[in-house]
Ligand SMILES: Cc1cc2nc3c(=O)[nH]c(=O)nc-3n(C[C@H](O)[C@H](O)[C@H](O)COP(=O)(O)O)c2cc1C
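Form predicted alone, single chain, as C-alpha cells, below.
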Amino acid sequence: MKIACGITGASGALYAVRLIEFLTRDENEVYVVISKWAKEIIKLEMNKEWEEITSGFKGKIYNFEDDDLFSPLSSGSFGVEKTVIMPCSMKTLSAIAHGFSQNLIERMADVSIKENKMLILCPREMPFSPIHLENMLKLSKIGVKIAPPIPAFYHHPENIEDITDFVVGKILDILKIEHNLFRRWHGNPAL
C-alpha cells in the first residue's frame, strides 16, 4: 500500500516517527514529507537530527522536503492510497480546510481530498479555538478523519513509549492495519 506521512512543526513528531517505524515493517511504500520546523521540533523534543532518524529507515521510506512541489505526491495520478499528517499544526489544518496548498504537505492533503482517498489529520494544540474547531468540523464533514493524539490510560501505560504506542495504534486502527501496540478495552474486570 502507498501511504504518505506528513510531519509538521507542531509538538509530537515522536508519534510520526513511531508510526513510520510500524508502517515500514510490512511491504508498504511509505512516503514522508517533513517541514523545516518539524526538523527543529525533532531536535528539541527527541534530541536527534532528522537525518539521524531517517538513516534507520534507509531503503524503507521515500523522503521529501516540504518545498518539493515537483514531487510525485503532488499528483493524484501517483496513487497514494492513504495520507496521515501527524502532528498537524493549526496552520496546516487551516490551509487544508481552505484548499490552500502552499507546500507539499498541504498539497498531498488536497490531493487526498480531491481523489476521495483516506486523509487522517492529528491536530496538536490545546485548547482548540472556535476557528480550529470550525476547520476540523468542515474537514470532518467531507470525510477527513480528525484524530487528535489523545492517549488513554485504561491499559496502564508505564512509560512514554506505551502512551505513544496507544496513539499510534489508534491511527493504525483508522488505517485498518493490524497491530498489537496496546491492550484493548474488554470492560471492567472488577464487574
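Keep in mind it's a predicted model, so treat the numbers as computed, not measured. Start at 1 with the first residue shown and count on from there.
Note that the form predicted in complex with the ligand isn't included here; everything after this is about it.
Within 4.5 Å of the ligand in the predicted complex, a heavy atom is found for every one of Gly9, Lys91 and Asn103. Only one segment in the set 54-62, 134-142, 40-48, 152-160 has residues whose heavy atoms sit within 4.5 Å of the ligand in the predicted complex; it is 40-48. Taking the partner from elsewhere, Asp68 is found to have every heavy atom lying beyond 4.5 Å of the ligand in the predicted complex. Contact check for Glu125: a heavy atom falls within 4.5 Å of the ligand in the predicted complex.
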